[in-house]
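Only one chain is shown below, in structure tokens, and it's the form predicted alone.
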């Protein structure tokens, strides 16, 4: 991968590599856009097969954060960071987290870090010992676990998808299949269960799936087969790039709407294929914006009432995008909205010159 060429194609402003021999930290920060404001995005700890895979992931994730904030109407840019692990499950240490905090601090506030896959509120609090430019901790910085907000936003996006299909937004009598019963997936399961939906659940951690089955009376399915489960809504809530042409050909759901980032392998291609199949797709960077709204809102000084209103607005934004897609690619419609707001320099205003 040619980094500068790829940055230019994807519109990134800055990509920084960092290594700290003492703690063993190897990390990348990618800042996609700061046109609407300082760029917020989580820190992901993951074992990648190659450095190129890590770079591709951080570039896609950071670009998605710009679009996520813009579609949510936030005066924030988009960025992301990844910590490259020598092996999956490699234990996080305070030394590593503090080294990551120092790396974030070198950005001078252009990048604001937060929790993501592989990190925790404890990790964020360790980072906060070295930088004030981080959100999502419980002691050294504010925000806490944003998962409940992400889950609620995804739930709101699902309601918009149901309404787009001519339903009343009720989950009574519907079946929802959730891939990934981590923090977000578990809260989403609770919301859906309380709303009257039947659940099919899966997770690579069998204990998590079993816990969901006990709490919600859910049917347990293996993580691969769940993508083909017969259901009304399919909700990937683990890692991204799980829905490509092969999976689309086997989907047995009317709606694809989940909390994972970058659900589609190739968004341009796969969103069009979903539309051709008649599957309503709630673009992930629109419906899963609840966590960003929460953490960005704390950074911006919003009240709890403001945060709730903005999270509820995910339903209206998703409905608008599905309407503007007019049966075509909802991903394209969502990107158009985000790019237009970024081009205008105002997260609540569209530019007539955006492509």
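Source: prediction; values computed, not measured. Numbering follows the first chain given and starts at 1.
What comes next is about the form predicted together with a small molecule, which is not displayed.
Student: Answer yes or no: in the model of the complex, does the small molecule come within 4.5 Å of a heavy atom in every one of 204, 238 and 260?
Tutor: Each of the three qualifies.
Student: Taking 4.5 angstroms as the cut-off for heavy atoms, does residue 159 touch the small molecule in the model of the complex?
Tutor: Taking the distances in the model of the complex, the answer for residue 159 is no, it never comes within 4.5 Å of the small molecule.
Student: Within 4.5 Å, heavy atoms only: does residue 81 come near the small molecule in the model of the complex?
Tutor: Answer no; every heavy atom of residue 81 is more than 4.5 Å from the small molecule in the model of the complex.
Student: Can you check whether residue 62 is within 4.5 Å of the small molecule in the model of the complex, heavy atom basis?
Tutor: Answer no; every heavy atom of residue 62 is more than 4.5 Å from the small molecule in the model of the complex.
Student: Tell me, yes or no, whether residue 44 is in contact with the small molecule in the model of the complex, where a contact means a heavy atom of each within 4.5 Å.
Tutor: Contact check for residue 44: yes, within 4.5 Å of the small molecule in the model of the complex.
Student: I need to confirm a contact call. Of 69, 330, 288, 318, which residue comes within 4.5 Å of the small molecule in the model of the complex, counting heavy atoms only?
Tutor: Going through each option in turn, the one that passes is 288.
Student: Which of these residues, 117, 191, 85, 272, gets a heavy atom within 4.5 Å of the small molecule in the model of the complex?
Tutor: Looking at 117, 191, 85, 272 one by one, just 117 meets the 4.5 Å heavy-atom criterion.
Student: Just one of 132 to 140, 87 to 95, 179 to 187, 163 to 171 has residues with a heavy atom within 4.5 Å of the small molecule in the model of the complex, so point it out.
Tutor: Heavy atoms within 4.5 Å of the small molecule in the model of the complex occur in 179 to 187.
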